[in-house]
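Shown below, as structure tokens, is a lone chain in the form predicted alone; questions about how it binds or moves come after it.
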């Protein structure tokens, strides 16, 4: 007899619909079962994490196990979001992975300096993306011990 196990919730801040589609496809091809929740920018991410606005209703914003954060977004970019999260005692331990097209050593160093837990360069092809996401998943969800984080509205 199998019992229901909640899927890990992955909050993804990504402003391009094509990249959302690609990431959903990558998770599917990698065989990763997760509750992917998408927000369009940093402001929506903070609304989600603090359960404000459209995310205030009970169950509308399940606290994520892991955050995938595009660094270049409109309204409030990922760099500002990570600074806010790391300054907040209730959210600073939330694992945040940067997703970027930039391979610039300067950008990578800056991301780690402000508190990103890992930096993933988006590969140009699906098989490489699947391999990277699978490795990322294996480490963060199967190897690492993660904190439980919950913010009360």
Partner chain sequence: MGDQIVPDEGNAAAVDLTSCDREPIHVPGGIQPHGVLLAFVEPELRPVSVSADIEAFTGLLPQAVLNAPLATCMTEASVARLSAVLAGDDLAAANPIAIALRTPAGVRDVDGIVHRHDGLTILELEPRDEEQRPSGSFFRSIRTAIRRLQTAVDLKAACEIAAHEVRRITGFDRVKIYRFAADWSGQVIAEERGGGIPSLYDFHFPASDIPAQSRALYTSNPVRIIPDIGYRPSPLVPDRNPVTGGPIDLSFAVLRSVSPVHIEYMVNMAVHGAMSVSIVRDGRLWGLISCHNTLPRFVSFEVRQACELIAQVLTWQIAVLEEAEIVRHSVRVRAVQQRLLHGLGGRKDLHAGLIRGGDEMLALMSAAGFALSGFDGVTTYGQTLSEPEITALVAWLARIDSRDVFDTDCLAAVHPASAGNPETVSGVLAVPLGRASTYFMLWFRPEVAQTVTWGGDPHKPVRIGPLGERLQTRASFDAWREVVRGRSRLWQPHEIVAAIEIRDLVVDVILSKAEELEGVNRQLARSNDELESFAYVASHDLKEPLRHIEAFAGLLKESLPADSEGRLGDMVGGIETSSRRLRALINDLAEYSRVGRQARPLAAVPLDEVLADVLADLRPVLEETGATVSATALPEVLCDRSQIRQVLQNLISNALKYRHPDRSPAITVDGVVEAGAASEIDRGPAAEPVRRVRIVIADNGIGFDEKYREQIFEPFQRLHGPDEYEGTGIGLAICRKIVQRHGGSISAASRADIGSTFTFTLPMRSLDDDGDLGR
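Bear in mind that the values here come from a model prediction, so they are computed numbers and not experimental data. Positions refer to the first chain, counted from 1.
The next section is about a form of this same protein that is not shown, the form predicted in complex with the partner chain.
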The partner chain contact at residue 87 in the model of the complex, heavy atom, 4.5 Å: no
Any non-hydrogen atom of residue 54 within 4.5 angstroms of the partner chain in the model of the complex: no
4.5 Å heavy atom contact, residue 60 to the partner chain in the model of the complex: no
Non-hydrogen atom contact residue 117 with the partner chain in the model of the complex at 4.5 angstroms: no
Which of 39 to 47, 117 to 125, 60 to 68, 91 to 99 lines the interface with the partner chain in the model of the complex (heavy atom within 4.5 Å): 117 to 125
